[in-house]
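Single chain ahead, by itself, as structure tokens, in the form predicted on its own.
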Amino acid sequence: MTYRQAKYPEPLVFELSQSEREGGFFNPEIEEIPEIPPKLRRERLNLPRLSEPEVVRHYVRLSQMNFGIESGLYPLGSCTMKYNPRACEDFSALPQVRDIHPLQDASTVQGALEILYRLERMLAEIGGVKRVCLQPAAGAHGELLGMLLVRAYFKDIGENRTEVVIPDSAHGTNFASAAMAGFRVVVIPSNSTGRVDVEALRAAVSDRTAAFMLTNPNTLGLFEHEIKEIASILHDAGALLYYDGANLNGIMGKTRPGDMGFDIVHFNLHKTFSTPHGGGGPGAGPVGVSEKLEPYLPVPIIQYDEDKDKYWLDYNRPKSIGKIRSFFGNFAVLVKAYAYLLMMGASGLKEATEVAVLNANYLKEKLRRIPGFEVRYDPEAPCKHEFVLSAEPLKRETGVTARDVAKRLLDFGFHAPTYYFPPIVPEALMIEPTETEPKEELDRFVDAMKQIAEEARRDPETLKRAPFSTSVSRIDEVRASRRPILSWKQFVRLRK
């Protein structure tokens, strides 16, 4: 079973440009149609010169090279790449949403403020928190806000706490966010089941500890069943508990972070609540807090005056950390999440979690029985919405790595899963199918993994050169991260 994507030797749009080619034709006798002066178009704007069909075909061909949730399973672990309903896109494109401006007087955008207020109350209920700030533009941005709130809280009560404890399986942004907020990071190991080592945590916590950052379910897709004990350890020491909401899709509607003892709860609307993300944006990472942390939330806070039936922006908050982002956040993304929540309702959110967990466990049981793959931590225990497969047995036997497997999956029409994370699992493949995938698609993925394992034994050297059906095969990923080329001008400059 193989799948071939569209593959073209597609040049850059500037390389397709022809010096005397026109992009369109308008009847010069019709005066109402404005025309960009040729000198401005050619010299100042420096646009490529192509006909309209050439432009359309270029971008259609590029779109056919993409992997997306509309083209097939996108099992990018911890990213929750579920399908985004087109109806939510339509709502965000309504003129009442699209054409308003954040500098308008609050009296002229009461509908927008009502949407934001209602969304905040919904998230507060889902998370089990008092209030929610909608401003953060991404998950890591929300983490940073959470750590700034921790710092503001302890400064206000006069305690000098300098450390944040983080498990070794945590998302990398946790470490960065804590450090950016000025804390020293203390890393604790996972235990033999892949969960928090409670005794190691107990030994690490002191009067210097400001917070513990935890994902639950964790990055292995396992629920931290000792969460009440973990919360007690932190709270008894006067520290705070921070919830990384990247994996909320595994518990939504079943339990709430606030009920587990978390003081700060971060949400990823672009994961759990089905708004688009990837490629750097857009996104939204709201942060909810318990009552004692509410005074420190960024301004403005949206308030509702029941007597006047009016929404207003509250800037009079002397303990606020200030602003974490311009205006009120990514409004269009927030509208999409609000529409999704209304469409799903409480029962729909609960069912989404149930199906996501069912899909993940189905895949885990199928894949760990393929020779060459294994689940390292607590393999017999049910996972939540995701799981981590190790390709180390396959590497020992054939030399084929997790990266090779991920690259080869592209030839079958699947986006590659997250690989080499979390680092506590050798040759890790982190797989999250989400609730929007039918059984037939999951079975197709299993068949592809079986074929790849067979190819690894039959012809490992060929497999190591995969993918073969993409427009570009293997790139230097380290160089691409350290020296990205983000524009045509930069490309030309570096080529000289």
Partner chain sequence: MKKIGLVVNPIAGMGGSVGLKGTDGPEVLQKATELGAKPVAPQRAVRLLRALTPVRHKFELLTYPKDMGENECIEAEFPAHVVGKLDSEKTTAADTKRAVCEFLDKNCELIVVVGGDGTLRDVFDVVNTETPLVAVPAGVKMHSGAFSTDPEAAAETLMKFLWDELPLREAEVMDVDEEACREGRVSARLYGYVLVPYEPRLVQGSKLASLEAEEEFEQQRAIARYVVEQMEPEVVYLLGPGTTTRAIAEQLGEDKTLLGVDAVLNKKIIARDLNEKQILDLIRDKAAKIVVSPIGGQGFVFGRGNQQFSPKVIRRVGLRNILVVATMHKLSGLRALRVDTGDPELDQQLRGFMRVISDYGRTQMMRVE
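Numbering follows the first chain given and starts at 1. Source: prediction; values computed, not measured.
The form predicted in complex with the partner chain exists for this protein as well; it is not shown, and the discussion that follows is about that form.
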At 4.5 Å by heavy atoms, is each residue in H235, S390 and R444 next to the partner chain in the predicted complex? no
Would K395 count as a contact of the partner chain in the predicted complex, using a 4.5 angstroms cut-off between non-hydrogen atoms? yes
Do I370 and the partner chain share at least one heavy atom pair within 4.5 Å in the predicted complex? no
The partner chain contact at L293 in the predicted complex, heavy atom, 4.5 Å: no
With heavy atoms only and a cut-off of 4.5 Å, decide whether Y153 touches the partner chain in the predicted complex. no
Students should find that, of I230, I188, I301, V375, the residue having a non-hydrogen atom no more than 4.5 angstroms from the partner chain in the predicted complex is I188
Applying a 4.5 angstroms cut-off on non-hydrogen atoms, the residues of 422-450 near the partner chain in the predicted complex are P423, E427
